[in-house]
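First, one chain by itself: the form predicted on its own, in structure tokens.
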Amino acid sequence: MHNKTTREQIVSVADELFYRQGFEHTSFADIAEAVQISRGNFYYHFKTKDDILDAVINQRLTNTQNMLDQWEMNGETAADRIRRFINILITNRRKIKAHGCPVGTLTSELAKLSHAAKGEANKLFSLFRTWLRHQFTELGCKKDADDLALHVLTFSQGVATLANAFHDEKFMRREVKQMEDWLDSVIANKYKGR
């Protein structure tokens, strides 16, 4: 097996296990067994679990940036892109109900552990915040763009947490609809102010 392929498999499997089981409760053995490689081969690619965590965070940042870039290239309006972000909750509802938000759960766990990588994991939220702020600025809400971006992030994390706690898809769909209605009111109020 080519080294790059093995490394990518390790990162992919570790990402999934960190999400489902948590970083602290995932061992080298868990990852090696899931990838079906020997521990020696495993250590060739990663010396510590923190090295794997760094690779997982970097992969998540890359994947998230690629997703956001793709949304920008699709030619949708800023409002459509924000709606798409809000609807991530519905798109990923099964995983969220089972394990929570992958970004929120990882950053919370690393914060509880006072782990050195918590700042790197927080970059995922910063990436979303910056992107959402740009979308609201494009909508003409420059003055309030950062507050609006944080509101959307707060909403999405709250819904993901409660959907995971209660395993209630109806709640999730209702909240997403309310957030879409809120976005429509922000847009309508912006156009009234012109």
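Start at 1 and count along the sequence shown; that's the residue number. Everything numeric here is computed off the predicted structure, so don't read it as measured data.
FYI, the form predicted together with the DNA isn't displayed, but the following is about it.
A heavy atom within 4.5 Å of the DNA in the predicted bound form is found for exactly one of 154, 62, 48, 70: 48. The stretch in contact with the DNA in the predicted bound form, judged by heavy atoms within 4.5 Å, is 33-41, chosen from 156-164, 122-130, 33-41, 138-146.
When the DNA is considered in the predicted bound form, residue 27 lines it closely, a heavy atom lying within 4.5 Å.
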